[in-house]
Ligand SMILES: Nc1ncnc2c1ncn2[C@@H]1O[C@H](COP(=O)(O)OP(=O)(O)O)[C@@H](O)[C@H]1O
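In structure tokens, one chain follows: the form predicted alone.
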């Protein structure tokens, strides 16, 4: 897979930190490849949202370099193409919804890109279908549930046909069903459409759906590994004030009680299959 986003010795500080010589990002070297699904975890203030905003040039480095498809985000001439390539979805969908009709809202970004009306209609229908919201295209977004609003916000980004979507805690304001619906949408976009996903989250179960997990601490990368390997690092997770995923905790306790179940499982279906196999081996049936 080719490199989509590269950060090289990325440093960043906000203006009010400059007199204190505090780096919010302190020497980040990171490569994100086309088609990857990456989750970024860390406690509040570790720099994960600040890092995400560098990926589409909402912020630019104080020092170091960020490249998107080889284009330097510090060069203003590149920023239009970069923002077409990397779409951003934020915590509160109400902050991204600007129209009183769903299809008009999704059409807003392509219209601003100067795309032909016939192509916009095609993109709107495609994007809404991709997030399972096509039946709501003539509804007002402000009467939708939180999860539905967030999927409409994602559709608005999709209509730009980006290579990558960066989602900054997109489920933090949603109820469990809304979180589940949005996560299913995110996974399907990555799996079926090959869209690169960068997910900023506090929810370990969401991070477990990614193929790669980055742990951040005090503006630096503390770990960059698979979910299976990351969530076995119990001491590191505790040091970073992060929870252990429920599946990891459950399998650990089952092993303590003599149930022979493999380590490094992060998905519910993996755990169910392994538990069924262990019980069948022990009792001959389950």
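Owing to the predicted nature of the structure, the values given are computational and were not obtained by experimental measurement. Positions refer to the first chain, counted from 1.
Form predicted together with the ligand: not shown, discussed below.
Asker: Please pick, from 61, 245, 227, 47, the one residue with any non-hydrogen atom lying within 4.5 angstroms of the ligand in the predicted complex.
Answerer: Contact with the ligand in the predicted complex is made by 47 alone.
Asker: Is it the case in the predicted complex that 69, 80 and 113 each bring at least one heavy atom within 4.5 Å of the ligand?
Answerer: Checked in the predicted complex: no contact with the ligand for any of the three.
Asker: In the predicted complex, which of 61-69, 248-256, 235-243, 39-47 comes within 4.5 Å of the ligand (heavy atoms)?
Answerer: Comparing against the ligand in the predicted complex, the contact stretch is 39-47.
Asker: Would you classify residue 10 as touching the ligand in the predicted complex, given a 4.5 Å non-hydrogen atom cut-off?
Answerer: No, no contact at 4.5 Å.
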